[in-house]
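Heads up, what comes next is one protein chain in two forms, each shown on its own as structure tokens, labelled structure 1 and structure 2.
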Structure 1
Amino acid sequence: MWAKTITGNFANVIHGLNKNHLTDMVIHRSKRMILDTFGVGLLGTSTEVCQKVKQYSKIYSSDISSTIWGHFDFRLPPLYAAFVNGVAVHSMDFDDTWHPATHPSGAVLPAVMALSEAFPQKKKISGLDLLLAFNVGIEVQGRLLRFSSEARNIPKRFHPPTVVGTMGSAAACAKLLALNQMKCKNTLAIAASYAGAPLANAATQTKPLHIGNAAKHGLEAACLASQGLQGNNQILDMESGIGAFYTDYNPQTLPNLQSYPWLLDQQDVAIKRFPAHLGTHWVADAASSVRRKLVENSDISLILDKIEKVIVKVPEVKYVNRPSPNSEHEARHSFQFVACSALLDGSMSIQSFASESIHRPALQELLCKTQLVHPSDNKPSFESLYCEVTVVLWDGNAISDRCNTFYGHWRKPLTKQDLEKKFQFNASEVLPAEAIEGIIETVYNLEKVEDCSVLNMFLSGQSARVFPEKLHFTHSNS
């Protein structure tokens, strides 16, 4: 199998080359290169740019450290805390999705939270500072997504969080660091040099890394800019800047700051109910109601044999079209898998993606009967896509249902209760109840929180009882 693909073939050669393959000529030439590179590098240590990165890299041998969510026992340097927490947020593809498509929060929140702990002792970051920085990060992502009509639809080339997420994280961190206008510009320029990961790594373990890296690299860009590092000051304006990631790039300036029109005001996010690609949420809702019609109160296993085929009408999205997913990450990116799971179980949950759920025979059997259809009016946009699931029985009967807007979509947002329920369930995997309640209360009152370090304490699993003085709001009207 390996040698049949270019990638496998490259891996094969990298792995297979040995010292005997080196010729005298190659050795001779490469030694010249090594020596020259040493000299050039040694000389380069005296340059201004090198001073700045050395200064920057030293941050990580200092005592500054940030919270790892759910871990009381250890901390990491801010950059890697942002990375690890970012990976955690996207590890199950359970985080929010905006329109045009990206996962906005995961790229920003871990970065600003980690950065909030990296300031010198005396400096307190208020809840409002945090909210503002967060929203700057979200806003920048939304605006950048509007620079290309390509970006309106589900992507094909670059995974959006790696492009706009890196920029958003950088903007949010620049804001939290209160950088001046010139340094904000340099932050964006530097961040662009870290942006962009190909979509092919969707449905692999490397996709969660995309969010972790967006958070991490945006933070790094802001820190480097604050050290005085300079980049191109028209990075958003040029085809060879952020335009490099798009084929139809058309940048626009931002509105005036007086009564600033936030994109989040106009366009809410979708919050997922189960950990899978957003597109599968339409499928789950349609399939669940087909199941209700199909079995009413009886057991689905009794009628499985009666099913001839399952037709799922969805837009054409190549990376979510997976007839027989093999791993958890592939299952989260499979229209077919979610349709069959919801038909079998009536709903989707974290458990649906466990290895034993993926590989159970009933599901595998149903997957074999499933086919995707891509109606021409079903466009790959989270604003307009729909899903229709039809179960055709051997007796000729067909039962179908359609979902235009799933529960959790921005047109049909989760209630406060359901959002809290989701949070409590998620957090209870790793945090004690007191810390969970502490986080809910702190976030709800965020603009009144004087020192948001309390949030990091809860996130590490400590409870408010240990630090009653930390849970302090400027107004006590809540």
Structure 2
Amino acid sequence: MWAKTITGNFANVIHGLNKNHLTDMVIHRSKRMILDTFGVGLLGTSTEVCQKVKQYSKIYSSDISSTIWGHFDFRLPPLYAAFVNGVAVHSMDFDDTWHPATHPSGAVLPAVMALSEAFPQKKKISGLDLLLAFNVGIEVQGRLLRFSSEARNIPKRFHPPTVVGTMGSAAACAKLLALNQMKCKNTLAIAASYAGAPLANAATQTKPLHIGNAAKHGLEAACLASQGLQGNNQILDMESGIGAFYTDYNPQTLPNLQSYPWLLDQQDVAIKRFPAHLGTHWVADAASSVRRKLVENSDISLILDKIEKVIVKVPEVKYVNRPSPNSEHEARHSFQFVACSALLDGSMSIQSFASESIHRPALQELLCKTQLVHPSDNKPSFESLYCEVTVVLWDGNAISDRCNTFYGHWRKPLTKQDLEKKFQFNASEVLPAEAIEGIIETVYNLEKVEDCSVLNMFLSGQSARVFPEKLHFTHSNS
């Protein structure tokens, strides 16, 4: 019998979706998301903000512990493993982005990975179990975002992963725990009371905590619901529930389970090539193209003094309008910084946001010549925005180029080779080569993996030689 409420409908779908519902496209895209998220999370373990939250989390102890990515000898209770690994994923703003706007994987993957280690040893969590729970968490986020038209634009008031990410993490953990419909409803209700964080903390060390908290709080909500804690069983139906975050909240029932259409089947995610706000990726590609035109017959150092101004046409997004960024976090949220860096260097990288890169005189001089323009047709949506960069020279000549879709956007996804290169580069900062190759092989074969604890072992830095008995893949004819 189909539920009479939106919340009951969501609970039925969370409970009812099974491995047979997963399509080849959903499995393919979610594997790419998982591999990319592991990579940016591993790289993020070395950031200052991640070091601080690891130190803070050491005050907690438990008989049950889960892996902290990139650490062989440091484990934490599942809630705080989800928190630390979630912070690591978003610590450099390097994680995937979806439309309507959110970072879908970082809130879910650390939670289900931590929870997978909390089960009794005799209960193995298979790769298919993990894929299903992960995709339930992604799906819930996408469906909730589609209950609001304003969610389709780049946010202005709150950071979306703190709302839909918390709900997605909760749904994923409820699925992994095999909670019944009533407990799934309570999971969503409890998670809603953990949701929300103001966007004012963007471009600070606090923003990565949003993803860590979403992972932790979703896991906590599912665990509390499993113990019988109750909440409002119409949390998704009410304006005072999840509707509190959206002025135009209009919830709808989910499709029938008989032939369930996954949102990830219909639209891929964007996977970033460099660690910064997604909107800056249009800027980087446009500015890099202008740079190539500028240096066709000359060296960039000879051209810099000839530049009168740099005009960057982008949507009006106030928290990414930062003309004079002073820190790596501010630089990651600055249209101006990325435009000038790409003009100077020809491309963006992790090193672009190092202190010495941010404060170099040539860049600071170019920033002073840069201005943003907000054309009326350039809407603040990751689906439709564009960037046009124009360099005006003192002699009156102007060189321009426009980016409508950057490489890495869901309309122009990274190749498998480039995705792997990104993962390998990121993971090599903290893991040995054998563990890196082990993660790649395991993720690509996830639907055949009998015991996904092997992933956590690789993520801690162990090699296949330590536990050959765990490398069991089921064989199929496909």
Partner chain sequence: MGAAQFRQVFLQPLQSNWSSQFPPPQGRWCSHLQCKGDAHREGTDLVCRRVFKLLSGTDSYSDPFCRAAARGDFFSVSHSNDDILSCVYKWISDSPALVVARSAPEETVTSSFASFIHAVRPEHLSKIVRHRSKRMILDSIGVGLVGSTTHVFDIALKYCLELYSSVAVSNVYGKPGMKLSPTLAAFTNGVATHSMDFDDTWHPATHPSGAVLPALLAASQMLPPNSKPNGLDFLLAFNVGLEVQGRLMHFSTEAHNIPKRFHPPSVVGTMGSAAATAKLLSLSMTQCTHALGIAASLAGAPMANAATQAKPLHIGNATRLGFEAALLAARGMEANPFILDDISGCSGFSAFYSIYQPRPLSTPSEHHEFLLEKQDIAFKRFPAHLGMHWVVDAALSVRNLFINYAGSFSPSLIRTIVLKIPVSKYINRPFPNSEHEARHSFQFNACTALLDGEVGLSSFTESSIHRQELRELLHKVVVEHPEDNVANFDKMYGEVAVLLKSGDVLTGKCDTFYGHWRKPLSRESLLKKFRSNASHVLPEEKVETIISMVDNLENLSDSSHLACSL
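When a residue number appears, read it as a position in the sequence of structure 1, where counting begins at 1. Just so we're clear, the structure is a prediction, and the values are computed from it rather than from any experiment. If you superpose the two forms and keep the largest set of C-alpha atoms that fall within 1.5 Å, you have the rigid core.
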query	finding
Structure, 1 versus 2, that is the form predicted alone	2
Exceeds or equals 2 Å, Cα of F425 between structures 1 and 2, core fit	no
Rigid core fit then F38 CA moved by 2 Å or more between structures 1 and 2	yes
Rigid core fit then K412 CA moved by 2 Å or more between structures 1 and 2	no
Backbone CA shift between structures 1 and 2, L22, after core fitting (angstrom)	62.7
